[in-house]
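Below, in C-alpha cells: the form predicted alone, a single chain.
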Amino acid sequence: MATERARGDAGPHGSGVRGRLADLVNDHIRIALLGPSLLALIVVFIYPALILVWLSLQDTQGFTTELEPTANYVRMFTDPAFWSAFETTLLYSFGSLVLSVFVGLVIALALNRIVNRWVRDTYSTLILLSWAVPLSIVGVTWRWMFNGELGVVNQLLLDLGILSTGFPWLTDPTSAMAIVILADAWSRIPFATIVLLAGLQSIPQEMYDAAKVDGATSWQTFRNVTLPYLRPSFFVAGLITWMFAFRAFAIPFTTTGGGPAGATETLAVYIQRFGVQLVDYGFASAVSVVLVLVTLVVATIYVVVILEQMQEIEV
C-alpha cells in the first residue's frame, strides 16, 4: 500500500487533477501570501541597512570615495563631540522615559478609577489626540512657548511677578536640555498612558478583593498587586518609549537645533550635521550603524526581561 501511494504520489488530497491542484495550492500559498511582505521588508529595511553598512566603510571626505573599513569608526570613537552627543542622547532618552512613564502611570490610574466607561473612553481618546501631533510641530510649539522675548511662559511668569525680566530658556544649556526632555516626554505620555491603562484593566478584580479582605492598605495593594501585574506593561511602554527617544531628531532639532553650544545635540542631530550639512555620508553612516546597534542590543535585553517577567506572573 505504501509502495503504491509512493508511486502514484497522490498526496493528502488524493489523486487526479483536483488533488494535484489542491496540493500545488497548499504548497505555494504561503509563498504567495508572504511574498509581498518579504519583498517590502527587503526593500524598506534589509537593502537600506546593507547600504548603510557599506557607506560606513567608505571615506567620503573630499571629492573622492575610498574604501577604508575602519577609518570612520576610529574617527568617530576618538571624536569628543561624538561622546558628548552620546551622553546627551542617554540623558535625553532616559529622562524622557522616566517622565513619560511616571506621568502616564498617574494618568492611567486616574482613568482606571472612572466607573463610567463612556467617560473613560472619551478621555482616553482625547489623550491620544495629543499623541497624533507631529513631533516637528511639538518642537516648534515648545520653542515658541519658551522664547526668551515673546514666549508665553516668560510672559506668564512676568505677569505673576515671579520674574522681573525674561529668562533666555533656550540659550542656557541646563534649561534648554530640560525643555527638550519635557517636550519629548509630553509627546510620549499618551502612549505610555494607554499601555499602562490596558495593563491595569487586565488585572483580575479577585486580587483586589483578596487584598481588601486581608486588610491591606491602598499603598500595600498598589505595591503588592498593581505593580507586579503591571511589570510587563512597564517594560513594553519603557522599551518603545526609550527606542523612540534614543533616536529622536525632530524635537531637539526644531526646538534648539542642538544648541546652545551642542548642549542638546543628540546622536540623530549629530548625524544630520555630518550627513546633510557637511555632506560626509560615510561618517554619518558609521554613527548611524552604532545608533542602530545600541538600540538593538537594548531592545534584545528588554525582550528577554519581559519574557521572564511574564513567565513569573503565569507561574
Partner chain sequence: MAGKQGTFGIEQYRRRQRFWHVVESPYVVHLVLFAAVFFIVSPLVWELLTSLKTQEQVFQLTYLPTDPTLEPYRRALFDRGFWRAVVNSVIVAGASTAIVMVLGMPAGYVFSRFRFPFDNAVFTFVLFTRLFPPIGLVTPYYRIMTFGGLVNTRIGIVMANVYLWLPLVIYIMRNFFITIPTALDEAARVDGCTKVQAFRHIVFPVVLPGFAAGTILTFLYSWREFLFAFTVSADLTSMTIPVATFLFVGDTSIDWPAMAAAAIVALIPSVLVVLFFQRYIVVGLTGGIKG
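Positions refer to the first chain, counted from 1. All of these numbers come straight from a predicted model, not from anything done at the bench.
As for the form predicted in complex with its partner chain, it is not shown, yet the points below apply to it.
Proximity to its partner chain in the predicted complex, defined as a heavy atom within 4.5 Å, holds among Thr78, Ser218, Gln205, Thr165 only for Ser218.
Out of the listed residues Leu111, Met177, Ala71, Leu230, Leu111 is the one that sits within 4.5 Å of its partner chain in the predicted complex by at least one heavy atom. Although the partner is absent from this view, Ala261 stays clear of its partner chain in the predicted complex, with no non-hydrogen atom inside 4.5 angstroms. Although the partner is absent here, Tyr92 is not a contact residue: none of its heavy atoms lies within 4.5 angstroms of its partner chain in the predicted complex. Taking the partner from elsewhere, Thr64 is found to have every heavy atom lying beyond 4.5 Å of its partner chain in the predicted complex. None of the heavy atoms of Phe86 is located within 4.5 Å of its partner chain in the predicted complex. Contact residues in stretch 95-131 (any heavy atom within 4.5 Å of its partner chain, taken in the predicted complex) are Val106, Ile107, Ala110, Leu111, Arg113, Ile114, Arg117, Val119, Asp121, Tyr123, Ser124, Thr125, Leu126, Ile127, Leu128, Leu129, Ser130, Trp131.
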